[in-house]
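Only one chain is given next, in structure tokens, and it is the form predicted alone.
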Amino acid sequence: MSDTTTGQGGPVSAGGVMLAADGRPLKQSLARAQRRQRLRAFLLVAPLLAFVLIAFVAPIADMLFRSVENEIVPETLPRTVAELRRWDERSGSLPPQEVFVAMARDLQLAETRKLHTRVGQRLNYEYTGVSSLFRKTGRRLSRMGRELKQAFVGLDPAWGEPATWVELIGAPDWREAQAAWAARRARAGADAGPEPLFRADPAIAALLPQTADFYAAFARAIQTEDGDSPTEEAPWPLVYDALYRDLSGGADLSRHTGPHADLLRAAAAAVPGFPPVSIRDEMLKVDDGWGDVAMWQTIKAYSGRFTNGYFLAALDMKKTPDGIAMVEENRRIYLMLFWRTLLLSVGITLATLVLGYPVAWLLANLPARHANLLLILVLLPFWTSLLVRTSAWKVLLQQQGVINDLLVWIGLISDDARLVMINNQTGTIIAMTHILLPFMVLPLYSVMKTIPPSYLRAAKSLGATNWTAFWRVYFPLSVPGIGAGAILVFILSIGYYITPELVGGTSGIFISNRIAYHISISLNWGLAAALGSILLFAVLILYWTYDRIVGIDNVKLG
């Protein structure tokens, strides 16, 4: 006997639940069908979504990250950054000796990894001269600590042997692994694999912290960067300086029974008689730029992993020990460029509207044969390269160009009073208005084409004049096209940089020209990202304002 009956809507179970044809509850079948439909719809848009994420969202996210990222400074100068935290930058005095020692060690490692020029270039964006200072110092680091090395080796030649340092600093398990690796290399050669990465003995690290830290950094650097082994390379002279400082600091060697304990005790007893060495004095001999307090203040101010320095620079500001301040007046250019970009973009938008509105009206109201011919003329600039059009305006607008020659010929101006229309804002506005005019005409035309001519005839039949009929009837209906064209032209104009670069000169360039400069020439990508981010935020704010006043729903393309 079946527990299923048939109702008006289809099979029904004994419990009153509607069933589908496959015997499943109808509600579950509908939910399953809807999930499949949503999955098919998602798969259809997935390629476009992936393209948007890769080509649009990811670059914007990367730009926003680069505008605050500053990891190169703390990663390349970790010891210096740690020591600078203890220094009061508002004291007006140079940092203590420990900061110079930390900087010398960090630069020694950075020079081995070829990073000292990169971190110098990064800091040079904030304080001119740091890049050359780091390069110059990097070439002379091998001389620092040389007297101490000679003193240790003169005390006992064992201090000049790589094996002494490996046995003194290396962890016992690392020494065993390294010996096993050396045996494999002797048998198999290059097939033995990479040498185990050096590890310091925790006991010696507690006893001689500076020596263990810097020797371990030296050993790892030559292993990873040069492919050498610490068992075959004597340490840098600055490692001897680290040992000198540990022993001078009163390291307690009485209970040390590790390798070369007697050698260490003999060195500790002899250290007071070694010639005094000052890393700060040696660095000042290399370049007196190390004596510039402002340079050290800059390094400390930009020592974090993230920084607002790029955004401050983009707004003509800088960090100081007393807080944020404006840069010198002769260096304030970015706020002026932002303001100029917005003003000229608005001017270009208005110019294209004034010129494009009558053209769009003609296109919408002329007979089809004439309208098509006029539309071809409107679209003709799209068939010509942007660079060609801009170069043509250079020929037309220069003082000895076609326009000035024509004005002189018809007597409007004298030959010695030719108009200056190139390499200034005038040239930028004229050239960009011509280039962007089709982007205003086409949205206007598409909207005007949908306005029935009978509306104007009805208004006139009710007693309206031509002007009243246009202003009260036709113009409000064309506002959506004005909004669409204005947004297109304005957004395009603020991002232009080729045309302002060629015809704008120093007074007609946009902020986008500086962004392009920092990306391709100065390589200050952080500042370029900050400028681009501010421009993006400004556009979003203007877009929001436009939506509040006009309403984005009123923007139509026909």
Partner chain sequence: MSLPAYATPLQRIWHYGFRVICGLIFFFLIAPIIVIIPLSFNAEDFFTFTPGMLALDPDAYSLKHYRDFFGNPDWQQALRNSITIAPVATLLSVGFGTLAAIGLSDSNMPFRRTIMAVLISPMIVPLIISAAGMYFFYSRIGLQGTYWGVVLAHAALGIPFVIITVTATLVGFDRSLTRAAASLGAGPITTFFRVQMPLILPGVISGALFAFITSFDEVVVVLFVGSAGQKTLPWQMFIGLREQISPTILAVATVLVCVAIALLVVVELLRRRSERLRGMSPS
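Since the structure is predicted, the reported quantities are computational estimates derived from the model, not experimental observations. Heads up, when I say rigid core I mean the largest set of C-alphas that superpose within 1.5 Å between the two forms. Residue numbers count along the first chain shown, from 1.
One more form of this protein, predicted in complex with the partner chain, exists but is not displayed; see below.
With respect to the partner chain in the predicted complex, the three residues L374, K449 and D547 uniformly fall within 4.5 angstroms at the level of their nearest heavy atom.
Checked against the partner chain in the predicted complex, the candidates L335, L355, V277, A203 yield a single residue with a heavy atom inside 4.5 Å, and that residue is L355.
None of A186, I410, L387, I324 but one reaches within 4.5 angstroms of the partner chain in the predicted complex through a heavy atom, and that residue is L387.
A residue is said to contact a partner when one of its heavy atoms sits within 4.5 Å of a partner heavy atom; G504 fails this definition for the partner chain in the predicted complex, lying far away.
Put simply, F382 is close to the partner chain in the predicted complex: some heavy atom of it is within 4.5 Å.
At the 4.5 Å threshold, heavy atoms of T468 stay clear of the partner chain in the predicted complex, well away from it. Using a 4.5 Å cutoff between non-hydrogen atoms, G401 counts as a contact of the partner chain in the predicted complex. Picking from 302 to 310, 88 to 96, 247 to 255, 357 to 365 the stretch near the partner chain in the predicted complex, with a 4.5 Å limit on heavy atoms, gives 357 to 365. Contacts of stretch 95 to 122 with the partner chain in the predicted complex, defined by any heavy atom lying within 4.5 Å, are made by none of its residues. Relative to the superposed core, S67 shifts its CA atom by less than 2 Å between this form and the one not shown.
Once the cores line up, the CA of K449 ends up 2 angstroms or more apart between this form and the one not shown. Shown in the overlay between this form and the one not shown, fitted on the rigid core, is a CA shift at N404 of 2 Å or greater.
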